[in-house]
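Just the one chain here, laid out as structure tokens, in the form predicted on its own.
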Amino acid sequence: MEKHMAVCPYCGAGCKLDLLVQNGKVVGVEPLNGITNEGELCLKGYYGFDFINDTNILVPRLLHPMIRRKKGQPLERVSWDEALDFTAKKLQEIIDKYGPESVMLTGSSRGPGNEANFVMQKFTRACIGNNNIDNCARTCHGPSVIGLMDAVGSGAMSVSIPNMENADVIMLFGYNPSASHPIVARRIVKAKEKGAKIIVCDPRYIETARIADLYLPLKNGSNLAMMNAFCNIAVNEGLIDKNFIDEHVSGFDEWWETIKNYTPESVQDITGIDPELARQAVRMFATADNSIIGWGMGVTQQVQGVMVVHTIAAFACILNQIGRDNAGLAPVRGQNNVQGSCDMGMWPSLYPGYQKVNDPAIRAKFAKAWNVPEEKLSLKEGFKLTDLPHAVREGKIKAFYNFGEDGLQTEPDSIDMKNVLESLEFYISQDIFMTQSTALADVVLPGSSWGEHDGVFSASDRTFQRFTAAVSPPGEARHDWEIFQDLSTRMGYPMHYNNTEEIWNEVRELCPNFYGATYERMEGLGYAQWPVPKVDEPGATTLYKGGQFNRPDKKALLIPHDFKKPTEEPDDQYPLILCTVREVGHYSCRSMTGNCQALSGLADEPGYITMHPDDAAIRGIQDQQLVWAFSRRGKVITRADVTERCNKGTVYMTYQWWIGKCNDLTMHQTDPLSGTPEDKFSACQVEAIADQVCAENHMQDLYAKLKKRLADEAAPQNVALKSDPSMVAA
């Protein structure tokens, strides 16, 4: 049996494992002693591998390129040459007619690796000629990237995941690690076993609340008021480090003019938290030797997401709980390479290595390296992923190139998103499965899957790690970077790489903070944490040591904000708050985990809507019954999970499910500073269904029809080519 080293393709913890291969098929997984997981894996790590084998449990694998010759026509299998020629011709026609700004692209954080994303953003900038490139961080941790770059200079965790278990206090704010990052949750349990105090701030009684020393059940949508109150307490009780502030922090006086108004008493009606409980939490956090604050999408998927991140950073800085190995900021990223997608410049305002696109000197550097005229590289920040709907409606975006994302499942107001994709003049989807979004595409390009290619991933804590191919791509599926470079060459900007190491070395040369992360250094269980500017330096497990922040003046900046209410509050017609959350056994749009035997057997459609017993009783709803959930955007059938761990007046839905699709209900309202959707707060209603037998049949019928439709869309790839079927572009 062969063993091939890999990094788990799911969450951003970066767990190392071996893929076990027998007779050319992946048959199992063994954990490795990686820096993050140390021989442990979670449910998805152990059982989330067999989607590679094209199980067809949920959707079929994409094996051959396909095109629609005209809108409305069925997909047709074609050779790679014809598919790429067709794509290049259509894109060039749109650029010639509407200009380069009319094309938008989005990268993938779900397994392709840093090298593929680097080549795609290079294609976007050096060939297409715009900065309209983004990734799924926009819908999750975009506020963390932007907020931390504003406040402390780097949009990433300042601490390492392994060091979390050595903290004296860990505060979790809007973050449920047992569902999102089980290996991180184990680190928190180990910290507790070593004597650490745990503080949980969350509307739900999450798993970690069971071991918490303090649990603060704040109201949904009150994050900024709560964090402002925490900062107010810290200052008024003399818990701040004045010397550290004087030497390493700027803007305190202006910031305090806002924060002084947020006593815990003044916001108690907003937060629902007893002032004394809030004071206990701040005292515990402030007086410990080393404290870490971790947050997730409970913070970022709010209309004030960036503002809350600004305030979290301020809280850590005024208390001098930052810049030490076991103290600092821990925004643990969601998808396995969402940190890497940002690292690689899949961002409309940033080149690889977080270098700004509107800086003429940076533009000149990249233009020289990429051998293009400077004017080819735009100084204008591009469109964000969440700009796509209105940009299409306004006629600004005519073509969209989707790489490895299923926006019809993961973006807010998915009913509207379907209309947007259908109204594009030209739509390309490059993926490994026939997803709901891919089924609408004019061009379908089959890429290689995790397990079928080499590369580098970035874990949440800035750790670069290599992974290797275990098997070859099936059918005519090709490595994603090869597809991008061949398309670019056809469109007049030649690119040619022989392997991922050549790509990675180009990344290193262009990004000073990544230079020391060589393939040789990352061989086996090796790794490198950026910033790592030299090959012979160890890299940085911790940012901001000695109070040296990555801002021009080397000081952290305190940025104040006043609290504002969420966009859509409950009313008589829609009296409940809807909040989207994670499912521990599934992931993202479920195209990967839904095609894994063990994971699909544990949980299947239509998913759950979690609600408090009092809310269920008022509506005549019993546990495990099918119910209707609806909002101003849509209506779905889902299953009730009635539990006292859920707070009254709020319901929670995981976003992996196709039939009980929560994003049919969420609204396209975004944080004005980041463009991240307000998925954590929408108004909705839930109703009982009297005839449960009829409801079960209806749900199963919807599910069967959707799976059949996707299988039918993929079916033309199984029809033999009229021309030479072995034709594959070199």
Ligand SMILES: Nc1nc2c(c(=O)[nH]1)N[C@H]1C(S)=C(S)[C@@H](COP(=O)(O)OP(=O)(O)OC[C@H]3O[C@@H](n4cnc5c(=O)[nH]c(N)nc54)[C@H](O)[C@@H]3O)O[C@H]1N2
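Throughout, we count residues from 1 along the sequence that is shown. Just so it is clear, the model here is predicted, and its values are computed rather than measured.
What follows is about the form predicted together with this ligand, which we do not show.
Asks: Where does this ligand sit in the predicted complex: which of 88-96, 264-272, 405-413, 628-636, heavy atoms within 4.5 Å?
Replies: Looking at the other structure, the answer is 405-413.
Asks: So in the predicted complex, does G334 come within 4.5 Å of this ligand, heavy atom to heavy atom?
Replies: G334: yes, in contact with this ligand in the predicted complex.
Asks: Does the 4.5 Å heavy atom contact test between V584 and this ligand in the predicted complex come out positive?
Replies: Residue-level check for V584: yes, a contact with this ligand.
Asks: State yes or no: in the predicted complex, is some non-hydrogen atom of Y527 no more than 4.5 angstroms from a non-hydrogen atom of this ligand?
Replies: No.
Asks: In the predicted complex, does Y175 have a heavy atom within 4.5 Å of this ligand?
Replies: Yes, contact at 4.5 Å.
Asks: Could you work out which of T463, T435, N114, N132 is the residue within 4.5 angstroms of this ligand in the predicted complex, going by heavy atoms?
Replies: Only one option qualifies, and that one is T435.
Asks: Go through W80, F366, Y655, Y354 and name the one with a heavy atom inside 4.5 Å of this ligand in the predicted complex.
Replies: Checked against the cut-off, the match is Y655.
Asks: Check T580, M592 and K680: does every one of them have a heavy atom within 4.5 Å of this ligand in the predicted complex?
Replies: All three within 4.5 Å in the predicted complex.
Asks: What are the residues of 468-499, in order along the chain, with a heavy atom within 4.5 Å of this ligand in the predicted complex?
Replies: The stretch touches the partner through D480 alone.
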